[in-house]
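Each of the two blocks below gives one form of the same protein chain as C-alpha cells; they are labelled structure 1 and structure 2.
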Structure 1
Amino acid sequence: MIRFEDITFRYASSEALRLDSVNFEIEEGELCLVVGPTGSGKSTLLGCINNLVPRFTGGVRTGRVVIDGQDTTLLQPRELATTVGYVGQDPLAGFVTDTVEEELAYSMEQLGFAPAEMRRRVEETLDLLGIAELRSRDLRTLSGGQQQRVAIGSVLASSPKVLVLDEPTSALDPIAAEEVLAMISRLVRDLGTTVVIAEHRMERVIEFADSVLLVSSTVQHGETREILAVSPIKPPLVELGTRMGWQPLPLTIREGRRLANPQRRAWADEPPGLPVPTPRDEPKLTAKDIIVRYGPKVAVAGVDVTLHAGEVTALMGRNGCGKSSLMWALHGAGRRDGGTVSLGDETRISLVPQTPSDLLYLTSVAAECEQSDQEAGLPEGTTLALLRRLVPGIEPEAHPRDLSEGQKLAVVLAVELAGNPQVVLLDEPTRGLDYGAKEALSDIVAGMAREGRAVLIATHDVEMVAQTCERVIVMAEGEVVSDGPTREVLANSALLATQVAKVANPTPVLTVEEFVHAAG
C-alpha cells in the first residue's frame, strides 16, 4: 500500500539529512506505529506520504513514494486528498469552519462531491465516529477528544485509503485517548483502512499496532515485538519485560500480569518496602476559593491549593475539568473571578502554557536563548545548555517555528526554567516529548524541588507523574475531588494507574525501577 524507495530529505536551511535512504513497505489494512526521539524526523516522514514534505516545508527530497501502486512523488498534496487523509498534531489549528457538520463537509465541497453524496457521507461519518449529537456544536467548544475525532472525521468523509495521524492522543486524557484509539482500530479492522500513526506515548498505542517504524539515525520497519526488542525507546511495560527477562515481551497488561504472576504471589506473602512521602516544607503559594467563569460556565469552582517548597505536585483530570484555567488564575496572567493567591516574599512565579509556540517570537533558537540569559541576568550560554539537557541535537540557528512540537516545548521550558523561578507551573509539559526527553525533564524538575522550589504540573501523563511527582490533585467539573500522595492516588485508580501498577496490582508498585528493585 505505501512504499518508500530510497527517500532522502534535508531542509534548505541545513546540510544535515533529516531522512537518509529510507526504504520500507506498509501493507494494506495495517496499523503502523511510528516512534523515535523528539526531532528525529517522524513528522517529516509522515509529511512525505502526502507530499506536504517538501511541497509546503521546502527542502530537497529524492527517491520515490508509491501508494497503492501509483508513484505519487511528483503529485501535489491536493491530488492525494482522496488517497491520503492527514491529521496534524494540533487538530484545532486545522479547522476551517465553525461547526462539526460544516467541517466534515468542507473537504468534500473542495473536491466537488455532489450534494446528495456529501450528505450521505457526513451522516455515515457522524455515526461511525459516534459524534452525531455534536453535529451543530461550535468546534471551539468541544473537548480535546471530541476535536480529535472531528479532525479525523473531516478527512475520513472523503474515504481515503490511507490515514496519517501525528500525535493524535498527546493532549488527551486517558479516557478520551482510549476512545480515539478504539475508533482508529475499528477503521483498520472493519474498513481495512491503512493507518500510519506517530505517537510518543507508545503505551497507549502499542497493543493496536501491527508493525513499528523506528525513526532514528536510520529507519527500521518490522513486526512490533521485533523492533521494540532492539529499540532504545520502549513503553514502560516493554521496558519492564526487558529488565525482567520475560519472553515473549509483553505488549498488553494481560500478558504482563500473566508473566508477573510468580512475583505477585511472592509479594502477597511478603510485601516489598516502598518509598514513603517526605514531610512538606513551608508553603510557597497559597490559593483560597479560586473561581473562574466563562460566561455562564464555571470552569473553577472555589478551589483551594497550597504548593510547598521542595514538592512536585501533579494536577490531573479529564479534558475540560478546569486544570489550565486554575493554573492561569494561580499565575495571575489569566482570568480570576474570585479568591486570593498569596506568594512568599520575593517569590517569582513562571508558567509554561500548553501552546509553547505562543512564547517564541525571535528568528532563531540561539536568539531565544540569548534573550533569556539577558533578561534573567545569567551567564551567556546558560539557557542553551539547559535546552541541550532537555533535547540534544536542536540546531541553535534553526527557526523556532521550524521545530517539532516537542522541540518547541523544550525551548520554552529552557527559557522559563533558566530564570530560576521559585514557583513553576507547567501545563502539559510532556506533550511531544519522547521517553528520553521526559526523563531529562523529570531530572530537571527533581533538581528544582531539591533547591526548594514548588512545582505544579498539569498533565495526563501518568507515567511521568509516577516518576516525578510526590502529590497528585485530581479535578472534575472545576472542583478538587482527590488530593494525596502519588502512590495512594494512582495505585488505587482504575483510570490513572500506570502500566506497572496494573501489572503489579494489588501491590502498589508504580514504576519499572520500583518493580525491578522490589523483585530483587
Structure 2
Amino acid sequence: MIRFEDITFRYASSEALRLDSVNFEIEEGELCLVVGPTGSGKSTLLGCINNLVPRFTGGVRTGRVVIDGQDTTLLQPRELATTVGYVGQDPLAGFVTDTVEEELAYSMEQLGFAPAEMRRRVEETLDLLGIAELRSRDLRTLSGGQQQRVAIGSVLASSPKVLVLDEPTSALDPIAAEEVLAMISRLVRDLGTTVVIAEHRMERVIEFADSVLLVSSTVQHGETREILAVSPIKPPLVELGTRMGWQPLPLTIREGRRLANPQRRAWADEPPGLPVPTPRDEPKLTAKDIIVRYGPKVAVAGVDVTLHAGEVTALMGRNGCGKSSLMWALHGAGRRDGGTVSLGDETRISLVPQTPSDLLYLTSVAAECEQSDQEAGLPEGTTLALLRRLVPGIEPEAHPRDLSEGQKLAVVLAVELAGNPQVVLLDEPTRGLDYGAKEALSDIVAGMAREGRAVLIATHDVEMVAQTCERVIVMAEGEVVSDGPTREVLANSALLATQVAKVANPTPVLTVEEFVHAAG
C-alpha cells in the first residue's frame, strides 16, 4: 500500500540528512507502529507519506513514494487528500471551522463532494466515531479526547485509503488517550484502513500492531516482536520480557502474567524483599486548608500538604481534578482563596508551568540565561552553566522556540533553579516527552532531591512515578483521596498500576529493575 524507495531527505537550511535511503513497504490493511527517539525523524518520515515533507516544510528529497500502486512522489499534499488522511498532535490547532459537523465536512467541501453525498457521509462518520450527540457543539468546548476523535473523523469522512497519525495522544491525559486508541483499533478491525501511527504510549498499541517501523540512525521495518527485540526504546512489559529472556516476547498483560507464573508462585510463598523509602522529617513546605475556587466551581477543596527535604512527591489524578490549581496556589503566583502556606526561613519556591515556552520571550538561549542572571542578581553565566550541567549540548545561540519540548523544559528548569529554590514544583513536565527525555528528567529530579530540595511533580505517567517518586498524592474533585508511599498507592490501584505491577500482582513490584532483582 505504501512503498518508500530510497527516500533521502534534508532540510534546506542544513546539510545533515534527516532521512538516509529509507526503504520499506507497508501492506494493505496493516497497522504499522512507528517508534524511535524524538528527533530521529519520525515526524519527517510520516510527513513524507503525503508529501507534506518537503512540499510544506521546504527541503530536498530524493527517491520515490508509491501509494496504492500510484507514484505520488511529485504530488502536492492536497492532491493526496483522498488517498492519505493525516492527523497531527494537537487537534485544536488543526481545526479550521468551529462546529463538529462543519469540521467533518470541511475536507469534502474542498474536494467538491455533492451536497447529498456529503450529508450522508457526515452522518455516517458521526456514528462511526460515536460522536453523534456532539454534532453541533463548539469544537473548543469538547474534551481533548473528543477533539482528537473529531480530528480523525474529519479526515476519515473523505474515506482515505491510508490514515497517518503523528502522536495523536501526546497532548491527552491517559483516559482520553485510551478512548482515542480504542477507536483507532476499532477502525482497523472494522474498516480495514491502512494505519501508520507514531505513538509514545507504545504499550497501548503494540497489541494490535501488525508491524513496527523503527526509526533511528537507520530505518527498519518488520514483525512487531522482531523489531521490538532490537529497539532501543521498548514499553516496560517488553523490556521485562527481554531482560527475563521470555519467548515469545509478551505484548499484552495476559501474556506477561502467563510467562511470569513461576515467579508469582514463588513470591506467593516467600515475598521478595523490596526497597523501603527512608522516612523524612524535615518539612520544607507546610500547607493547610488550601482552597481555590473559580466562581461557583471549587477547584481545590481544603487540601493539606507537607513537602519534605530530599523527597520527590508525585501529584496524580485525572485532568481537571485540581492538580494545577493546587500547585499554583502553593507557589503563591496563582489564586488562593483560603488556607496557609508556610515555608522555612530563606526557602525559595519555584514552579515550572505546563507550557514552558510561555516563559521564554528572547531570541536566544544565551539571552534568556543572561536575563535570568540579572533577575536573580546572580553573577553572569550562572544560569548557562546550570543549563549545561542539566542538559549538555544545547546551542546557546539557538532560538528557544526551535528547541524540542524537552530542551525548552530544560531551559526553563535552569532559569527556575538558578535562584536556588528549596521547593520545586513541576506541572506536567512529561507531556510530549519520549522515553529517553523522561529518563533524563528522572535523573535531573533525582539530582535535585539529593541536593536536599523538596520536589512535587504533577503527572499522569505512572512509569515515571514508579521510578522517580517516593510518595504519591492522588486528587479527585479538589480533594486528596490517597497520600502515601508510591508502592502502596500504585500497586493497590487498578488504574494507576504500572505494567510490571499488573504482571506481578498481588506482589507489589513496580519496575522492571525491581522485578529482575526480586526474581534473582
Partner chain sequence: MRPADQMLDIPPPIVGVAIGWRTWLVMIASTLLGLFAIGWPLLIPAVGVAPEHADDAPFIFAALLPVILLLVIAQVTEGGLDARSLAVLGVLSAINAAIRPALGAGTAGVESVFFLLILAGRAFGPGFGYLLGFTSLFASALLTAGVGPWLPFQMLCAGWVGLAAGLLPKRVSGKAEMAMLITLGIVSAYLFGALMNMWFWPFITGIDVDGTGSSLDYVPGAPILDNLTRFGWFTLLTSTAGWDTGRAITTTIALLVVGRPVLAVLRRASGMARVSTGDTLKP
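Residue numbering: structure 1 sequence, from 1. For clarity, a rigid core is taken as the largest C-alpha set superposing within 1.5 Å between two forms. Note that this is a predicted model, so its numbers are computed, not measured.
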Between structure 1 and structure 2, which should be identified as the form predicted alone?
1
Just checking, between structure 1 and structure 2 and with the core aligned, does residue 480 shift 2 Å or more at the CA?
yes
With both forms fit on the core, has residue 98 moved 2 Å or more by CA between structure 1 and structure 2?
no
Cα displacement of residue 452 between structure 1 and structure 2 reaching 2 Å, rigid core superposed:
yes
Residue 379: CA movement between structure 1 and structure 2 [superposed on rigid core, Å]
8.1
